[in-house]
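Single chain ahead, written as C-alpha cells, the form predicted alone.
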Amino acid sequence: MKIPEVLFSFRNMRKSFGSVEALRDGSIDIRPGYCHAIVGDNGAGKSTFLKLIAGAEVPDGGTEIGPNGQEVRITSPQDAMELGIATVYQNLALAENRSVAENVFLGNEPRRFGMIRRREMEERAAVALRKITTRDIPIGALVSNLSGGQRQAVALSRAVVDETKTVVLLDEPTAALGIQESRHVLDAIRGLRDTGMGVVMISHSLAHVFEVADDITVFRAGRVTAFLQRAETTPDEVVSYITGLAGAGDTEEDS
C-alpha cells in the first residue's frame, strides 16, 4: 500500500521554560487520512509538542515543513490556522448559550451584506456533523443542553466545516467522559480521519489509541523514544517505551 504524502513534518523541536527543558527532541509526520497518537507519561513533553504545532508556544529550535515541502514557521495560533491546522483543546472553547450551528461557525459565520446567512449556516453545520458522527444532534439546541460526547462532536465539526483545514490536533478528547460517550467521540475521530484530514491525538488511554490510531509516537523525558505502527505493536510494547523499560535513550525515525 502506498503511504500518503506528508502534510506536515516537524523535526527536532525544542522548548524550554526558564531552566526547565520541557521538550528536547520532538518529531512527527502528519499524513492525510491517518490518525497519529502521541502518548507518554505526565511531563513527557507531549502537550508542549502539541502546543508548538498549534502555535500556542514558540519553539526554541527545530524544523517545520509544511505543504509542498516548504519550510514554515508557526509562532502563533493564527499562523497554524492559516496553514490549515485546527486545534481542539480539552476545554473545547464552546459558547454555552449559543446553538450547535452557531458554535460550529463561531467567529466564522457565513454572511451576506453583513447579515448572517442563518439557513446556510445551519445546513452546512448539519452536513459537517454528519461527516463525523451518526448521532442526531439538533442543530438548534443550546450547547449547554448537550452531553460531553455531543459537545466534542460539535467542537470536532468546526474543523470539517472549514474546508481550508487539513489537520486537526486533539488534546485528550475522551478525558472525563464515560464509556458510552467516549465511544461516540472515537467514532467522530474515525469520521474526521475518513474525511482525509490528518489527525493528531494526545491520549492517556491506550485502549482508545489502539481503537483509532494508525501510528503511535511515544514521548519520554522530552524526546521521542519510539515510533510504532499500531497494527504492528501491542499495548504492552507501548507501555514498555512509556516507562523506559524498552528503547530507553534510543530515538527512532518518525517516518
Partner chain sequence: MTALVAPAQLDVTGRRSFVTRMIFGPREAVLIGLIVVLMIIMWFIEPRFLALANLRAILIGSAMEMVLVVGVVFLMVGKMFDLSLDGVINMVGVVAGLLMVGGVPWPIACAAALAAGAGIGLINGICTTTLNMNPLMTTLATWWIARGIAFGLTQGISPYGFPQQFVDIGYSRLAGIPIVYYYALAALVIGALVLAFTKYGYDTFAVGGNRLASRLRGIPTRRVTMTAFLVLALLAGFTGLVYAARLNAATPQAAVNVNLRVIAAAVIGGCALAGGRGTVIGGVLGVLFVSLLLSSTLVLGIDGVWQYTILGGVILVAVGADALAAKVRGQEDLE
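Only the largest set of C-alpha atoms that superpose within 1.5 Å between the two forms is called the rigid core. Source: prediction; values computed, not measured. Numbering follows the first chain given and starts at 1.
Absent from the display: the form predicted in complex with its partner chain. The rest refers to it.
Student: Test of understanding: in the predicted complex, would Leu206 fall inside 4.5 Å of its partner chain by heavy atoms?
Tutor: Answer no; every heavy atom of Leu206 is more than 4.5 Å from its partner chain in the predicted complex.
Student: So in the predicted complex, is its partner chain close enough to Arg73 to count as touching (4.5 Å, heavy atoms)?
Tutor: Because no heavy atom of Arg73 falls inside 4.5 Å of its partner chain in the predicted complex, the answer is no.
Student: Residue-level question: is Glu96 within 4.5 Å of its partner chain in the predicted complex, judged on heavy atoms?
Tutor: Glu96: yes, in contact with its partner chain in the predicted complex.
Student: If we define contact as a non-hydrogen atom of the residue within 4.5 angstroms of the partner, is His184 a contact of its partner chain in the predicted complex?
Tutor: Because a heavy atom of His184 falls inside 4.5 Å of its partner chain in the predicted complex, the answer is yes.
Student: Is every one of Thr166, Arg190 and Glu211 in contact with its partner chain in the predicted complex, taking contact as a heavy atom within 4.5 Å?
Tutor: Contact check failed for every one of Thr166, Arg190 and Glu211.
Student: Could you work out which of Val160, Leu146, Leu83, Ala153 is the residue within 4.5 angstroms of its partner chain in the predicted complex, going by heavy atoms?
Tutor: That would be Leu146.
Student: Which of the residues spanning 96-118 lie within 4.5 Å of its partner chain in the predicted complex, based on heavy atoms?
Tutor: The stretch 96-118, when checked against its partner chain in the predicted complex, contributes Glu96, Asn97, Arg98, Ser99, Glu102, Val104, Phe105, Leu106, Gly107, Asn108, Glu109, Arg111, Gly114, Met115, Ile116, Arg118 at the 4.5 Å heavy-atom cut-off.
Student: Establish whether a shift of 2 Å or more occurs at the C-alpha of Asp136 between the shown form and the other one, with the two forms superposed on the rigid core.
Tutor: Moves: yes, 2 Å or greater.
Student: Taking 2 Å as the cut-off, check whether the CA of Ser76 shifts that much or more between the shown form and the other one after a rigid core fit.
Tutor: The answer is no, as the C-alpha of Ser76 shifts between the shown form and the other one by less than 2 Å after core alignment.
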